[in-house]
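Below, in structure tokens: the form predicted alone, a single chain.
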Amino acid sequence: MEEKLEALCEFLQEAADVSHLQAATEQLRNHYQIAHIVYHWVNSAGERFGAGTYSQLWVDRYVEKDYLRMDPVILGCLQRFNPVDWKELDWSSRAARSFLREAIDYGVGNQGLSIPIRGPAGQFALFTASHNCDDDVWAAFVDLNMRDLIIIAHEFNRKALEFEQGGDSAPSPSLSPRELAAMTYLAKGLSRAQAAQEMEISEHTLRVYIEAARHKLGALNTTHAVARALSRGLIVV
């Protein structure tokens, strides 16, 4: 297990773009055999990015409802510097309890540990591990893995800062022709059904291309992915 973790850290250290951060979250989730690993950060310009294993349905729902404004995990970690078990947060309001029930329904998990990280010029990040299990199982997991998770969290953040400091010289993700086509049709305002028809593929296959592009671009949702593809000149409409 220790050798596997070292290999994952080396993978992170060699990451060339945000798609590698996405791949690392998936490898870590599988390594720890938990529901999710997520790294989310806000850079010095206030732009948000994410890499993680939450379902696209939950990410879209989160953005649609603007949960960032009231998410007890975000609000609680903004006031802390040490790792935070979700049970320590304030879930007393009706809105918070409703949010938690919905997150669990979308597969986020009833247990979580978030590690707040701060960087220069106002950069803020959260590294989160979550799972669905009872309190005793989760407490044992945290006791066993806390040290390694903190190390990994800071490896993610170090790499994210490298990408930010690289500015325009940071490597751009490479999208496949089909991923580029999917992004282009969406950027032109076509619905998913219309885009799939234009590409002569099923909507399910289109979703696969969109998800792949989103992960490579480090986007929070499909709209964000299209915006990033446009801003980087990967697609032209």
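Note that residue numbering follows the sequence shown and begins at 1. Just so it is clear, the structure is predicted and the values come from calculations on it, not from any experiment. We call the rigid core whatever largest set of C-alpha positions still superposes within 1.5 Å between the two forms.
Not pictured, yet referred to below: the form predicted together with the DNA.
Original post:
Tell me which of 196 to 204, 66 to 74, 50 to 58, 24 to 32 has residues with heavy atoms within 4.5 angstroms of the DNA in the predicted bound form?
Top reply: Residues of 196 to 204 come within 4.5 Å of the partner.
**OP:** Can you work out whether the DNA is within 4.5 angstroms of a heavy atom in all three of S176, S191 and V208 in the predicted bound form?
**Re:** So, yes: the whole triplet contacts the DNA.
Original post:
Does the DNA come within 4.5 Å of any heavy atom of K216 in the predicted bound form?
Top reply: Yes, contact at 4.5 Å.
Subject >> Members of 93 to 110 lying within 4.5 angstroms of the DNA, judged by heavy atom, in the predicted bound form >> reply: None of them.
**OP:** Would you say whether R178 is displaced between the shown form and the other one, judging by a C-alpha shift of 2 Å or more on the superposed rigid core?
**Re:** Shift of 2 Å or more: yes.
Subject >> Core-aligned C-alpha movement of V208 between the shown form and the other one reaching 2 Å >> reply: For V208, whose C-alpha is compared between the shown form and the other one after core superposition, the shift is 2 Å or more.
Subject >> Post core alignment: A35 C-alpha displaced by 2 Å or more between the shown form and the other one >> reply: After core superposition, the C-alpha of A35 moves less than 2 Å between the shown form and the other one.
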